[in-house]
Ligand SMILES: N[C@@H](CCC(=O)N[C@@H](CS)C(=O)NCC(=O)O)C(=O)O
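Consider the single chain below, provided in structure tokens and representing the form predicted on its own.
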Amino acid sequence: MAAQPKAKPVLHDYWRSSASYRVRIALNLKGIAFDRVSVDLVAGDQRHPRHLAVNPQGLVPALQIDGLVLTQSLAILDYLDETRPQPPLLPSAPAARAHVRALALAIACEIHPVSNLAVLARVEALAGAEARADWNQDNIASGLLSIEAMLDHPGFVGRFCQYDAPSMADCTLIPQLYNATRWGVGFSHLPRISAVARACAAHPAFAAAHPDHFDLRRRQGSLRERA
């Protein structure tokens, strides 16, 4: 009997979710073709029983791959790197690996959670729309200042976050820069971040993962449409 072909990975994501954007970049870097299920966070699809059956946290992204369902974007990136090591998302030297992880975690655990949809909605409920914007702009601006300082290291060669190839750090930084632009937070005064942004913009894996390609106006297969 012929071996059954492996099922194509399926990414449950929201087009503008920065955590989902990270995973799309990584999948593209690894050359992994995938299908998508759009989870409209604004419409509340994340609370739909069908999505909760995939990810009980009611969050995106969730990646179905290798007979597994993986959640949490950085855990997904680790899994992809461990199971499909080329091209690597982490450098081989322990110190460089630690620095790439520190950059990724500084964004994913410090900047992003304070700017997520639930937090912003709560800020607006307590203090109004203007406070929501001020909160988010201040959080992103101060966070990017810290990232710029962290990029001042011997492994920064003027292109990507570490050395001369994209890493987990770049997968995490670029979605945060997309959020910065959405909220009117400039970063042209940050030369290292700007250099990384230019290098990634010219890389096809990053370009193909950009939210503009997945705008809900052009979506297919959303949970509400399948209900």
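Bear in mind the structure is a predicted one, so any value in this text is a computation, not a measurement. Position 1 is the first residue in the sequence shown; the rest follow in order.
There is another form of the same protein, the form predicted in complex with the ligand; it is not shown, and what comes next is about it.
Contact with the ligand in the predicted complex, defined as a heavy atom within 4.5 Å, holds for exactly one of V54, V37, L59, V185, namely L59. Between the options L145, A102, V157, L117, the residue in contact with the ligand in the predicted complex by a heavy atom within 4.5 angstroms is L117.
With the ligand left out of view, the stretch that reaches within 4.5 Å of it through heavy atoms in the predicted complex is, among 147-155, 89-97, 130-138, 117-125, 117-125.
Put simply, A205 is far from the ligand in the predicted complex: not one heavy atom of it is within 4.5 Å. Proximity of L41 to the ligand in the predicted complex falls within the 4.5 Å heavy atom cutoff. The shortest heavy atom separation between N28 and the ligand in the predicted complex exceeds 4.5 Å.
For the chain shown alone, A19 is a contact residue for the ligand in the predicted complex, at least one non-hydrogen atom being within 4.5 angstroms.
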